[in-house]
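Presented below, as structure tokens, is a lone chain in the form predicted alone.
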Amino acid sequence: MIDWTPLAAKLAAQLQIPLHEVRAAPIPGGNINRAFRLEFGAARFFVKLNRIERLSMFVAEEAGLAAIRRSRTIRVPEVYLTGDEGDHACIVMEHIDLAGAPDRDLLARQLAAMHGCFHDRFGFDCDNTIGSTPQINAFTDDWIEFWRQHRLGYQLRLARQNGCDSRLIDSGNRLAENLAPLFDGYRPRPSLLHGDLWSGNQGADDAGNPVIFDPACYFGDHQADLAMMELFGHPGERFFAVYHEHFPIDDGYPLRRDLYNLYHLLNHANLFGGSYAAQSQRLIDHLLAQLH
């Protein structure tokens, strides 16, 4: 049984609002954190809890949300508090009533604007997580090297530790060592990315404004976010047409889309097993075939 009163008292003092009867209700859907709606008086908050040793995950999430908020491009939940509460790590955000899918044209324009926020290097100020897997964001000057070491290479090292098939590891490493042909004539700039922009991390507020959440932010090729939007769902061809008007999509995107989504498929293979390893192998074979 969770005693919510101390956390509610902290929020009331921070926001200078009266502390009334405290109510909390679980919110289903997540498989990494426990989520709750916390209420007192007219105030409502979205709270995520995890083990105390996972506090750094919430600290990194707050950093990602703050980076997107500073871009002034697309709505994200405001974070009120991140820390430890009793035996739990927690992050407390504004509670946004989501009203279905966002307007795709508006999402395309706002996402293109967010991707127009550039850094001078690839990476991020802190490491974070992709799902529950550590995501290394050490700043790197070269995008191919960043992807080789901190995305594809990292997942392949995890796959080896997890006992995945040796053909997957060997062919994946062969691909990682030969990424340059996939970037012929294309040099991405370090764009601010959400990092995990599948359909489950998008929504709309009650005014119809797009909202994105649960980020795994870093600065990278803007097309990596677009690729993830196609992995578990698809925003539609009009979305890409509108986006392209504001931030051109390179002709080589379809091939690099497969490379970027390989990272997420390998992550799912490492987290969940099942058919994701076979999907990853098919994608590796396809990408290797393009190098000849």
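Position 1 is the first residue in the sequence shown; the rest follow in order. Bear in mind the structure is a predicted one, so any value in this text is a computation, not a measurement.
There is another form of this protein, the form predicted together with adenosine-5'-diphosphate, and it is not shown here; the text below is about that form.
Annotated contact segment (heavy atom within 4.5 Å of adenosine-5'-diphosphate in the model of the complex): 96 to 104, selected among 152 to 160, 96 to 104, 81 to 89, 174 to 182.
adenosine-5'-diphosphate is not drawn, but in the model of the complex it has a heavy atom within 4.5 Å of residue 46. Contact check for residue 132: every heavy atom lies farther than 4.5 Å from adenosine-5'-diphosphate in the model of the complex. adenosine-5'-diphosphate is not shown here, and in the model of the complex it never comes within 4.5 Å of any heavy atom of residue 59. Taking the partner from elsewhere, residue 200 is found to have a heavy atom lying within 4.5 Å of adenosine-5'-diphosphate in the model of the complex.
Taking 27, 242, 231, 255 one by one, only a single residue has any non-hydrogen atom within 4.5 Å of adenosine-5'-diphosphate in the model of the complex, and it is 27. Although adenosine-5'-diphosphate is not shown here, in the model of the complex the stretch 75 to 89 places heavy atoms of just one residue, 77, within 4.5 Å of it.
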